[in-house]
Structures are given as C-alpha cells and as structure tokens.
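One chain is shown next in structure tokens, namely the form predicted on its own.
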Amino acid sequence: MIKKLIYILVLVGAGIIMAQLFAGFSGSTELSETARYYVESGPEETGAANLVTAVIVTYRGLDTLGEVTILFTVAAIIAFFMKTREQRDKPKRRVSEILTTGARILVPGTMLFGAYIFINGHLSPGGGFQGGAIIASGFALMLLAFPQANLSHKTIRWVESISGFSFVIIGVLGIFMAGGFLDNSILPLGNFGSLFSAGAIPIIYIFIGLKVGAELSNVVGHMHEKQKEI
C-alpha cells in the first residue's frame, strides 16, 4: 500500500512539473543569430537542399562524430555482455509461412530504401542515421522470419570500422583542403538540388549510414543469438 502511494505521489509530482513547464512555454517567433546564419548562408555554402542535414554533417560535424561514437560504444557493450555459445542441437522455433513470405518480399526493399534515404540525405528528409536504422530493421525482420540465420559479426565489424575510419578521414581532409573539419567543399558543390551536389555531404552520409546500420545490426544480431539460449 505504501509503495503504491509513493508511485502515485511521484506521478502527481511529475504531472505538476510538466503542467507548469507547458503553461509557461511560449514558442520563439524569431530565429536566433546562429539559426539565421544557417538559413541565409547554408544553401550557398554547402550546396545542400536539405539544410538540416547540411548543418548536422558540416557546421556541427563534431557533434555527429560524437553521436556515432556513442552508438558504437553502446553496440560494443551490448556485444560484450551478450557473448553466446553456439548451440547447434537446439531446435529452432517454428515461423509462420506468412512471416517468411513477407520477409522475402520486404527485406530487399527495406535495404534498398535505407540506402536511398542516406544517399539522398542532402536533398530530402532523412540521412545517415535514419537510413542506417532502416537497414538494421531489415536485418531484424530477416532474423525474425529465418531464426536459423546468423549475421556475420566479422563482416559487420569490418563495415563499421571502414565506414568510421573513412568518415574521420574526410573530416581531416576538410582541415587541409577546405575551411575546417568535415568541410564539404573538398569536392565541387555541383548543381543545387541534383543528386551529385553538396560537395562531400552525400559521401559523408553514405559512410554514416553504413556505420549506423552496421552498429544497430550488430546489436540485433547479438540479441538474436541471446534469444536462442532461452
């Protein structure tokens, strides 16, 4: 009874705090100085039609590098704590034919769509993180439909390592060949709004998409292997 009362008091207190925050909230009607600079100068300086992605991988590229590093650390920790032994003799769970048929149809399209998202991140909503997550969801569907399958962690590690290393190399090239770390003008900006535009941003997003997809797929693969022990 006392425990339930504590839970209720905590929920009521949290509700009061949230109500006060929302009651005193008023949206900003003007852009800040930094945001105004992004809006006014971003398209010309980066050549990207999607200004949000341009800010993420150029002006705030170090933040993106930190986020990818955190994701890698999380994936590595999960892999460490989910090391499993091989169990060849354990019977596999039965899967419905609807799921396997649907997976055969959807998985290739899901992978292709994920690649489309991060390749076109400089032109339309999306980017490396979103595309990588979609690719990982494709692997998750595949493992649900075919529980006997296993992801090659060695291949995933190679993809993740090469993508991360290439991401950093492009960033360093920006220091020597352009105006700073991850400066996309190391390549020609091209025609605004076309696929081959925005300098190095499409290449950066390809590496981010592959890295994020590999890291999340690694997590999914280890969880799948852990499930076999249960």
Partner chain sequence: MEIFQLEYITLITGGLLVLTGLWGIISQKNLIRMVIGFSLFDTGLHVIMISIGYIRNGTAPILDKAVDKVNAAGQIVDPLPQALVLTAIVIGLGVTALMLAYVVRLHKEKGSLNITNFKDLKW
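The structure presented is a predicted model; accordingly, all values stated were derived computationally and were not measured. Numbering follows the first chain given and starts at 1.
Keep in mind the form predicted together with its partner chain is missing from the figure; the text below concerns it.
- At a distance of at most 4.5 angstroms from its partner chain in the predicted complex, all three residues F25, L51 and L71 contribute at least one non-hydrogen atom.
- Of the stretches 36-44, 160-168, 180-188, 195-203, only 36-44 has residues with a heavy atom within 4.5 Å of its partner chain in the predicted complex.
- Its partner chain is not drawn, but in the predicted complex it has a heavy atom within 4.5 Å of P125.
- L210 falls outside the set of residues with a heavy atom inside 4.5 Å of its partner chain in the predicted complex.
- Under a 4.5 angstroms non-hydrogen atom cutoff, its partner chain in the predicted complex lacks I119 among its neighbouring residues.
- When contacts are judged by a 4.5 Å heavy atom cut-off, L112 does not count as touching its partner chain in the predicted complex.
- Residues K3, Y7, V10, L11, A14, G15, M18, F22, F25, S26, G27, S28, T29, E30, L31, S32 are the ones in 1-33 with at least one heavy atom within 4.5 Å of its partner chain in the predicted complex, listed in sequence order.
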